[in-house]
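The chain that follows stands alone, in the form predicted alone, written as structure tokens.
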């Protein structure tokens, strides 16, 4: 039996909202588990509205947030509480982030190519500048750029699409096994969006790179991902093969989202923003189903008991509607 590349076990993140005394606790991520095998590279999408918890999942995997409970295991090693610098650097070398806004990623007063040279030096990838330049050139080539195009230039001298490609190239310098891309096309012009999305698929095929694709855009998620997890208020409510989830959704929430993008049109993005009003914070802490107040199939049990995870029709769905029909599993996603 082959070892998983990444295994996330029962991950929980709780935030204190409004102070310790009069505030409340918000469970941004509720007992999430999944794995990426690694032997057959894939693009796994986590899709959900703003505020669903998907970015928090990504930040915990990257070590930018400490889980309240649960584990992140990479190649058999628990990295949740890594303290040794050499172990942390090795993990960061193999798991690289790509963030949402390329204009915030790069300091406007710093030349873009300096980030690439720094990355190569920080990870001791070569001894001479000439060797480093070759590594950078190969990395840029993989995203459709050359060192001559960006050398000596500042961020404002490049387009948003070019900057995001440089972000991807920087991440590829260390030859990672996993890229964690958090809303990588949301700040890019629509005309360039699909070129970035297609790039991730090319990297998967040509360079055997796995991608955890975080997005609120169902259209691009359907277009490039192999599997997809639909998140709602910290829960993964449906998870499985992207065709099964997107074309034959089982969870009422997934069905509602699919209706908002009736065709897999890359330009038809879902843009609803979520602001955490007191009602929505209450929705996070609800004992039963987080969707029950809006669900047309809501039952009494939905308001009182957290839904079980049920395996049905080739995917996992967290819904009381299928509790008697499918096979309830304790193995989370």
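Positions refer to the first chain, counted from 1. Since we're looking at a predicted model, the values are computed, not measured.
The discussion below concerns the form predicted in complex with a small molecule, not included here.
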query	finding
The single option of 43, 292, 26, 36 touching the small molecule in the predicted complex, heavy atom within 4.5 Å	26
Site check 17, 53 and 56: each within 4.5 Å of the small molecule in the predicted complex by heavy atom	yes
Any non-hydrogen atom of residue 183 within 4.5 angstroms of the small molecule in the predicted complex	yes
Non-hydrogen atom contact residue 306 with the small molecule in the predicted complex at 4.5 angstroms	no
